[in-house]
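Two forms, one protein chain; structure tokens for each follow separately as structure 1 and structure 2.
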Structure 1
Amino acid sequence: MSETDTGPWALEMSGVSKHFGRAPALDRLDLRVPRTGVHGFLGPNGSGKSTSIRAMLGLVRVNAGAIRIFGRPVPAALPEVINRVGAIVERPRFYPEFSGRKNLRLLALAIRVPATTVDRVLDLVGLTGSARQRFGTYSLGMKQRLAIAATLLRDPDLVILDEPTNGLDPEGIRDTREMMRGLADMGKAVLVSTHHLGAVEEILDTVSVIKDGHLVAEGRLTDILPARARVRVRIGAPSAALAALRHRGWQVTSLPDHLEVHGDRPDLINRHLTEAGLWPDEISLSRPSLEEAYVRLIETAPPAAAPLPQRIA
């Protein structure tokens, strides 16, 4: 095992700051991406995700902090590990009159990858049947898949995708999602940056959530973004029901047309109400989506650091 193969992380960022003018784009950002699996890099637009990715790839020089890919410092040792990284930061340009296969063959020739690799990556992204079709006739989803195929020519261990589902229709989102999951199942680390949790939540293993350039939370998706259950109660005597349930220890919120009880036991809530001589008209269990939990997490995150008093060169 080589030096670059040690440690649990494919990518680490420690205390990374980057300033454009007085305001920080990245504010002492910490990020850890496991060596395998799909890692969601989540945050609203303008939170610093794209700047972070450019820093990872040595395209942006940071003002403070450390970045390591497979244990090697970036940008100093980036040439040692760059062939193990495939990334889409912006949509790559392909020749519209050439077929998907010919575009990839030209790229493979330029980066000195065997031509036989082209058909393998086309198969990985599900474009074998469209390989002879002109790129200019591809749908947006197919173009995205060809872009991902281009990143796979070197068989990277770490794949970095910046907003890969932007602009895609539901079928394109599904195909891209399945592709990312398939790459992770092959043992690769996939870092997907997005502000649309709903498009990728079902394939994520771990996540980092950032806001205003700093880390808000990290860990397994369901651990840091719990979708807490609620029981909706409609009843003719809401004030009496509210008092009865609170007396039994339930956390209850009174809303205009129903009571919302924190928990996932409608059977127990119904029993406590009937024991108090109250009979609900309706009891139903609801679980907010993880996207709703993510939005709440972002909204309640601490504010960003104050702007710097002077410009940092």
Structure 2
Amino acid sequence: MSETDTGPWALEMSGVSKHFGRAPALDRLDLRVPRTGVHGFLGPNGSGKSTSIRAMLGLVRVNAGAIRIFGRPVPAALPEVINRVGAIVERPRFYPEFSGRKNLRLLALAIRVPATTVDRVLDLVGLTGSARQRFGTYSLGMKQRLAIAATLLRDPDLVILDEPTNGLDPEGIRDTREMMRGLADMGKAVLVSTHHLGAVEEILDTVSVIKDGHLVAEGRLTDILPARARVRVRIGAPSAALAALRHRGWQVTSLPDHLEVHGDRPDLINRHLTEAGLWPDEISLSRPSLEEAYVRLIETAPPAAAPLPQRIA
């Protein structure tokens, strides 16, 4: 481990910008991935997620900013740290004329990994039976599995997965999710870029949300979601309840058949109402899914890069 390999981050991007011609792909992007845990990298189509990942791996040159992996600058020192990184960018692409096993064996030769490791990772992803088929004949799910197998060849400390659940059936999604969680539980860092939020929501420790090439939110998942929690209140005197709760400092939205209170404390809301002499007919906590929180975040995000009030601690 080098002298710089003592920070808390497996990966850092600072003020990274990238243009393809006149089109900006990344706009002063800041990103930090902790050394352990599953870090979600979320954003709509065309937001710059795959470009960011390609920049991390030295596949594209950025126009400004700095990238560091385990404290080492990328791409200058990428060969020094690449042995600790396993990554697949976007759709998995291998040599279509060769079998899955041969594709991995060629990689294993190049990265000086024993041939026996190939059979082990193929078994891990459930591709042993299909290993002799040409990659060009694989289904999308099989291609995804082979890509995941490739990332595990070196037993990396940082695993970067771009849309790993694309094309997988529910069992495959579950297996991939368990694999990512298992890697994180072993002390590795997993960066997963995905649109399939429902598939990974329950395993994410931290997230970064990107829009138009810049960061719009970053933090622990438990920090981001509760801010979007709502308490639903059905009550016979909605106007009085609205006034009482607002008097207590609650942010309340009046809807046709109920009140929606921003927060995650139904017990406190109930007490404030009863102290005001009001008794709700129904009070329930609604914790929106990551998808709802994410969509709301994207819709309200500022158009350009700006300092974030909330960062990963």
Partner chain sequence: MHLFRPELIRLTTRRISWISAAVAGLLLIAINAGTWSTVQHAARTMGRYAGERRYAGVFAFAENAGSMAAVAGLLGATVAYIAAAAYQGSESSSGALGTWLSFVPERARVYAAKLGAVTLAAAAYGTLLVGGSLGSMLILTLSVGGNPAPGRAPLYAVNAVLYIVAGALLGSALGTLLRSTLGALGAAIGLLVLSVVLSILPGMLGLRTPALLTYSLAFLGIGDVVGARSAAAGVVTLLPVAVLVAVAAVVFCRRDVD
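Throughout, rigid core stands for the largest set of C-alpha atoms superposing within 1.5 Å between the two forms. Fair warning: this is a prediction, and the values are worked out from it, not measured in the lab. Reference numbering: structure 1, starting with residue 1.
Note: the form predicted on its own is the first of the two, structure 1. In a rigid-core overlay of the protein, G71 has its C-alpha displaced by under 2 Å between the two structures. Relative to the superposed rigid core, the position of the CA of S50 differs between the two structures by less than 2 Å. In the core-superposed comparison between the two structures, the C-alpha atom of L278 has shifted by at least 2 angstroms. Its Cα shifted by 4.3 Å between the two structures, E90 is reported here after superposition on the rigid core.
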